[in-house]
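Single chain ahead, written as C-alpha cells, the form predicted on its own.
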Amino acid sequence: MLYLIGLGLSKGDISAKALEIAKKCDVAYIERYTGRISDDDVNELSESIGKKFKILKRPSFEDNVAELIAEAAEKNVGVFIEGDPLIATTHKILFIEAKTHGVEIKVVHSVSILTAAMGESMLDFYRFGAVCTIADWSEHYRPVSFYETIERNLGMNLHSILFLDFDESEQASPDLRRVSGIFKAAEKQYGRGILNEEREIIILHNVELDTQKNLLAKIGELDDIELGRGPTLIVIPAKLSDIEKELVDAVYRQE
C-alpha cells in the first residue's frame, strides 16, 4: 500500500487522520525538495509517528520511483509531502505508476499553497487563470515565457498566480530585486506593457508562518522590498470586481 500524505503548510496542519495512517506505515519517507520542511519539523513529525523518516530529495525521488512502487507492493509505505499531495506533477506521476503496477494507493489531502494563496489574496477564487512559475535565472537559463501566461489570463480578465522558484538548500525564493530584473527583461522582450512599473501586484511571503507578510506594491517598487528567507509568490490581479476592490482596499490600503 502506498500512502501519499499531505502535511499542509506547516507541521501543525497534519490531521489526526494523517497521523493515524502514518503510524500504520512500515516505512516513512518525507519529500524535502518542493517545500520548506526544516530539520526540526522532520524530527517533531518523527516523534509524533514513532518512526524515523527517510529523506527524499529531487534526484532520489525521481530516479527511484520504481523502487518506491516495488516497496509499496510489499509493505505499507508513506510518502509525506508538504501541502496537498496531488498539486505537483511529480507526485501525480508517482500516483500513476502505482496504479499502473497494481499497487493500492491512498491519498490524504491537506491545505495547499495554491488554495491558501487564493484566499490570502482576497480575490475571488473562480477568477484565477493558469498558474505559472518564475524560474530563478542562471547563466544559460533565462526563461520569460511566463509573460505569455499572464497576458492570456489578463486577456480573459483573470488573475495570475506566479510561483517563485524555491531553493531548498537556501530555504528561500529569489529576492524581489532579482524578480524585478526578470520582470524588466520579460517586458523588454515582449513590450506589451503587461509588467509595467505602475502595475500593482500582491506579494505573499511565508504563508501561514509567524513571519508571513502580505504586501500590495507596484512592480517599480520591488527593488526596495526586503522579505528575508522563505517561499514567496506573486499575484497579478486582473480588473477587480467591486467586492474585490473593497477587500483589497480594506486589507492593503488602510493607513
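Note that residue numbering begins at 1 and tracks the sequence as displayed. Note that this is a predicted model, so its numbers are computed, not measured.
There is also a form predicted in complex with another copy of the chain; it is not shown, and the following applies to it.
In the model of the complex, no residue of the candidate spot (79, 140 and 171) has a heavy atom lying within 4.5 Å of another copy of the chain. In the model of the complex, residue 239 stays away from another copy of the chain, with no heavy atom inside 4.5 Å.
Proximity of residue 24 to another copy of the chain in the model of the complex: non-hydrogen atoms within 4.5 Å are absent; the residue sits far from the partner. In the model of the complex, another copy of the chain sits beyond 4.5 Å of every heavy atom of residue 73. Using a 4.5 Å cutoff between non-hydrogen atoms, residue 166 does not count as a contact of another copy of the chain in the model of the complex. 87 is the sole member of 154, 87, 185, 103 with a non-hydrogen atom lying within 4.5 angstroms of another copy of the chain in the model of the complex.
Residues are counted as partner-facing when one of their heavy atoms sits within 4.5 Å of another copy of the chain in the model of the complex; in 109-128 these are 109, 110, 111, 112, 114, 115, 116, 118, 119, 120, 122, 123, 124, 125, 126, 128, in sequence order.
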